[in-house]
Ligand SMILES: Cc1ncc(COP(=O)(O)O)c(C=O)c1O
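Shown below, as structure tokens, is a lone chain in the form predicted alone; questions about how it binds or moves come after it.
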Amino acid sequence: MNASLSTVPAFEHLSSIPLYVPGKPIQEVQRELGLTRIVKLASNENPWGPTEAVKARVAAVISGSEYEGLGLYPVSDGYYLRKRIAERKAVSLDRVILGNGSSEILEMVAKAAFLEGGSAVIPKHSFAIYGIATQTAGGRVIESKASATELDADDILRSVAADTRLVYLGHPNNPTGLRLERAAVERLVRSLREDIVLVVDQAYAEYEDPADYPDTASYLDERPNLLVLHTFSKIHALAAMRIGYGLGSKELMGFLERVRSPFNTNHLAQVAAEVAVQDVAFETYSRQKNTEARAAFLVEAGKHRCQLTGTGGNFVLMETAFPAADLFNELLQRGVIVRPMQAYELPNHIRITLGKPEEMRAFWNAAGPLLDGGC
């Protein structure tokens, strides 16, 4: 038989969807280049954790007990973690859902929204999974205007079509580090049609100053069709555990539960996150360290006349005067992994995670000579 799956309509559709390409892992670079000292600044992980309390909780589960052994299924709906999250966020338990990373919740809401087709509005240069989740669920993407330096709430509203079911907003946005002012957030919350779910991805919200960050969870009672996403992968330093959560109305959570896979979050992740979500002191510490790293990076970038975009998250987006892929490859040879942004239609930008001081010194030691002529 010579028949190809690519001739089957559904698979033909899938073949046109871009693959998500993550940052290169350290082990892969070691294997390919034979390097032993590698600094990874590609995937926006928190270099300061996880905490000893989290490690102790996970170790206790691994050692086994009557109720907590690796041979037992986890609590399917993550009741105990959801309870902790509900307490921290001051919402009822039935307004919290867990995902295998917040990316899975993006897939859940897309699956629920596009059972009969429809469209999603996504600002240009947004996290790739928004579009991938939409298209794999059978929806189509409408790209609203945005640039490396500006998010446009009004163009999001103008881009809405008759069949629009979802609007995605990274806040702050990955990879540009941009966010909207409170008035613009309120325009979206209050002006979008009532039958559209506004999905606000707050994966990096904990890195923002709580005093002036417009947390969209404060609008949950005002807009039932609002889904606010958080992850434990970033400031909580649990990226390997793959766990995140969503906040929304009881009705919306009920629909997402119908498309959620049973046992979608594992027990180790649940118990680690139970400890992490209560550790406000570690969040504060990580946010302060991130603020210090950003300030230091700005000083070094200024020496090379580098243009940076946005101010949010634990990363910077840097424009270069030459193809970012070239700089990425040169840095890789020097044992520093960053993220080139050509897949985001930003061919002259790289994204750099803000790491520990010694990691940032390694970046500038490698990048400085390459940028002596200026960015």
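Computed from a predicted structure; not experimentally measured. Just count from 1 along the sequence shown to find any residue number.
The discussion below concerns the form predicted together with the named molecule, not included here.
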remark   = Residue within 4.5 Å of the named molecule in the predicted complex by heavy atom, from S249, S103, Q270, T164, is S103
task = May I ask you to choose, among H125, R82, R242, R260, the residue with a heavy atom within 4.5 Å of the named molecule in the predicted complex?
result = R242
note = With a 4.5 Å heavy atom cut-off to the named molecule in the predicted complex, the contacting stretch among 127-135, 87-95, 278-286, 293-301 is 127-135
The named molecule contact in the predicted complex: Y207, any heavy atom under 4.5 Å = no
task = Consider S233 of the chain shown here, and say whether it contacts the named molecule in the predicted complex, taking contact as heavy atoms within 4.5 Å.
result = yes
ask   = Wondering, does N174 line up within 4.5 Å of the named molecule in the predicted complex on heavy atoms?
value = yes
inquiry  = I'd like to know if V199 sits close to the named molecule in the predicted complex, meaning any non-hydrogen atom pair within 4.5 angstroms.
reply    = no
key: Residues of stretch 309-343 in contact with the named molecule in the predicted complex (4.5 Å, non-hydrogen atom)   = none
